[in-house]
Each structure stands twice: as structure tokens, then as C-alpha cells.
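Here you get one chain, nothing else, as C-alpha cells; it is the form predicted alone.
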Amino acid sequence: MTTPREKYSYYVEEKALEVTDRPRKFLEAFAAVLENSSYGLALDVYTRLSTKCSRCAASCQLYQSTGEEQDIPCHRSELLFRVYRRYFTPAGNLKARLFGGFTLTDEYLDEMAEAYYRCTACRRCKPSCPMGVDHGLVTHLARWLLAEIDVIPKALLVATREQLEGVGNTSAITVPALVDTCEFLEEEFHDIYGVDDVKYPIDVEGAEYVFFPAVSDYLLEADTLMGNAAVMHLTGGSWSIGTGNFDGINYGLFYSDRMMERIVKNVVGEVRRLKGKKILVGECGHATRSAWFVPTFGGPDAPEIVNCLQYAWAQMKAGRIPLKKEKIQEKVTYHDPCNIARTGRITEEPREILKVICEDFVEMTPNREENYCCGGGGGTVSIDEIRAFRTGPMGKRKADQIRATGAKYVVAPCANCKKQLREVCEDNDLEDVEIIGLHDLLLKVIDFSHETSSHGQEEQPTQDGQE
């Protein structure tokens, strides 16, 4: 019986392969990943199929903008499939021995790096593949392999290193700075709304929820955090922010399963340190999606995951969030972050909230699972050097979507989407559009003068946001 190591060891025979140091390291990393993960099963299937029919081109917003063959998802995936067939299948190895042919080179690796970071891994193309090939998954795997030979965008590398080896979060926010921010926001509730008892509990043991927003919210999204705190206050939610780890961001999701696992385990470790029961994720698509890996990496007693949109809608249905009679009058539309909507997991809760609080809510077309990526997915939003690409070819379809709605407010419950969409609007002459979080908008219509009598009697949403 062939062992995994034997199955994936064809490349090590010196005479079967003439490559330089970097390609050899790439192949060694590829062999290790195949041996210690389930990616081999997917690649075995994908590489036996016809994967160049190009039906996925019609779903790819980048290809729709550029019309270039390199941007067709199945052609991009073929770059990795070619390496797999040549070095990790008996037929490919035998063919190379007898007839020569393709050899992995430094130039080919550079081509892969360019291709796989032009893709945002939004996975919009997956449903259009008649053979079921997940090109977003292939992009993720290719990035992981490239990362193992130190081909990583500096922005992703620095942020992840700071989170795992530095201060402990991607924005390098210290605990005193966190505390100061929370105290300032508590004062803002008094100054703006005349409310004194909205608090940001810190390091409270035994809370129902431990809160993990995108840490950048503490720097850039004050209204989102105030909306989060207001909802928890009005509903009597038991929650806490942990000083050991208060960052829901997980850039490992964008380029390395190894990094993603370490960050997920740190989140679980903080919940256990505080003796919390559930993870409450803030308005961040990829933070939510990476948290969904908690059952995989967190063990059999892993905490439950609840997104703040799910929590807010469950509490609103229960009548625990008092609202003003006046609704939002401006036209509002909603952007579906790929990481929470592409598989249909969180699409209806935010819409139901918006229908309650908005007088004029309109949909983008298409929407939900078929919505277009903001253009900065897959971590590319953090790479400022490629802004012209992100807001130009990559963001054009999203700009067209927003313009077609005529909306004043675009609700985007994701830190990365907010940054990207603001830049898309700036660079595509959408000057009158405001990108906003759902909790920012909800904060505008909360009636603090009529707090509910059920304060402290919380109705718990399930992982999927149902009662």
C-alpha cells in the first residue's frame, strides 16, 4: 500500500527534476501540505476534470472588466493544476521522464504570484463551474504554498506577525489605548445621547459573549462600536471584551492555513481564559468566516459563534430594541460581504433589520449569494500599492452596482469592505455616497428614552441567528 509520503515524493528524485532552489522549496512545501491535509483529494478530482471551458468567466467581475485570458478563473487554477499533475501524479512523473516538458521555474512562480493575488477569492465563480471546481479554494491553496517560500504581500505578513508575535492585534493597539477608546465612547454616549450607563465591559469573567470585532473598528469605526454597545446594553446582553485578545481579524484566512489555525486558537484561548460561553463577532466578514473554523481547531467543546447581525435581529424580533417612530429617510442599499453571504449563511438578518428601520431600502442587483465582491477581498484591500487596480478593474462592477441604486447610504457590515468601498466611491466619482455599518445606522434610530422592561432577560440566538 502506498503511503502518503511515497505518493507525494516523485519530485525528490534528483534526476527526475532540474529546478533551482526556490521551485524546489515550493515543491517541498506542496508535498508537505498534500501529506498533512485533505487538499490532495480535491486536487485529484479537479485535475482529472476538464477545467478550461471558461464558463466561469461570465461570473468573474475582474474578467468582465479586463477581458484578459489570465483573469478567467479556470485558466488561473490551471497554473497550480499543471504543477500538481507534473510532480505529484504517477502519469505526470512518467511523462516527464520519457518526454521531458514542463519544469517549474522561478519565472513560473512569479506568474503564479501575480495571478493568485489578482484574484480576491470571492468564490462567485464556483456555482458557474459545471464540474464543481472551487477556484477560490485553489487560489487559497496556491497562496499558502507561495507563502511557504516567502512570497507574501508585505501588508499581510506585517499584520499577521504583529498579531502573533507583537502587541497581539493587527493594528498594534495596546491595552491602555483600548481602554482609553472604550472610556471615550462611553463619554460620547453621555454627550450625544444623554445616556450614562452604556458601558464596554472589559475582562469580565463568565460573560455569555466575548466580543471580537475587527480591531480596526477601535481606530476607525466609532459609530459601529457604539451601535454594538447600545444593542448589548438595551437587550441586557452579558458580554465582555478581553484584554488578552480583542482582534477578530484573521489574515491567515487569506494566505496560510497554518497562520489561520494559530489565530483561531488564540481567539478560543481568550474565551476560555474569561470563562465565556460564546464568541460574538463584530461587523467583519472574514472575521466571521474564520471564526466558523473554531469547531475545526477549537476541539469538541469549542465555543459557539454568533455574528452581531444575527444577535441584533434576534433581539429586534423579540422587541428588546426600542426604536424611534421616525425611520431613516435617505435611500439605503446593502452590500453582501462575500465571506458571510457567498454560501448563504448570513443574508436575511441584516435585510430584515434594514426593512424595519429604513423608509427606502433598495437592493443591489445581483445580491445575496450572487453579489459582486467589493473588489478588495482576500486581503488585497490591505495592499495600498495596488489601490488603482482594486478600485479600477476590480472595483468597477461594484461601483456600477452602487451607482445604479441611487442610494445615499451603502451598508457594508465588514471592516475590509468599508475601507475598499470608500476608496471605490472616491475613485469612481460617487461623491454623494456614504459607506456605513449596519450598527451605525441602527444607532441613529434607537430610542434611548424607552429602554425595554425585559432588560437583562436575554433571548439567545443560535449559531445561524434563529431564536
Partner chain sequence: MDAWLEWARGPVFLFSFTFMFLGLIRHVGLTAWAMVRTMRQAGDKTIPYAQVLSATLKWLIPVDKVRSQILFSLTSLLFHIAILIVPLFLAGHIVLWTRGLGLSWPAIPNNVADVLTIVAIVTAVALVIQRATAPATRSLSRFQDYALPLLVALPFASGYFVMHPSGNPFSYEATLFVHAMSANVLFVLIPLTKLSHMAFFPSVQMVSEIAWRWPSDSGSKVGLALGKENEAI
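Residue numbers count along the first chain shown, from 1. No experiment lies behind these values; they were computed from the predicted model shown.
One more form of this protein, predicted in complex with the partner chain, exists but is not displayed; see below.
Undergrad: Using a 4.5 Å heavy atom cut-off, which stretch among 274 to 282, 325 to 333, 387 to 395, 73 to 81 contacts the partner chain in the model of the complex?
TA: In the other structure, the partner sits against 73 to 81.
Undergrad: At 4.5 Å by heavy atoms, is each residue in 183, 356 and 447 next to the partner chain in the model of the complex?
TA: No: no residue has a heavy atom within 4.5 Å of the partner.
Undergrad: Though the partner chain is not shown, can you say which of 422, 55, 403, 408 has a heavy atom within 4.5 Å of it in the model of the complex?
TA: Spelling it out, the residue with a heavy atom inside the cut-off is 55.
Undergrad: Find the only residue in 177, 157, 220, 383 having a heavy atom within 4.5 Å of the partner chain in the model of the complex.
TA: So the residue touching the partner chain in the model of the complex, by this definition, is 157.
Undergrad: Heavy atom to heavy atom, is residue 200 within 4.5 Å of the partner chain in the model of the complex?
TA: No, residue 200 sits far enough from the partner chain in the model of the complex that none of its heavy atoms falls within 4.5 Å.
Undergrad: Consider residue 97 of the chain shown here, and say whether it contacts the partner chain in the model of the complex, taking contact as heavy atoms within 4.5 Å.
TA: Taking the distances in the model of the complex, the answer for residue 97 is no, it never comes within 4.5 Å of the partner chain.
Undergrad: Is there a non-hydrogen atom of residue 136 within 4.5 angstroms of a non-hydrogen atom of the partner chain in the model of the complex?
TA: Judged by the heavy-atom cut-off of 4.5 Å, residue 136 is in contact with the partner chain in the model of the complex.
Undergrad: Please tell me whether any heavy atom belonging to residue 295 falls inside 4.5 Å of a heavy atom of the partner chain, as the geometry stands in the model of the complex.
TA: Residue 295: contacts the partner chain in the model of the complex.
Undergrad: Using the arrangement in the model of the complex, list in sequence order the residues of 150 to 177 with any heavy atom within 4.5 angstroms of the partner chain.
TA: Residues within 4.5 Å: 157, 160, 161, 164, 165.
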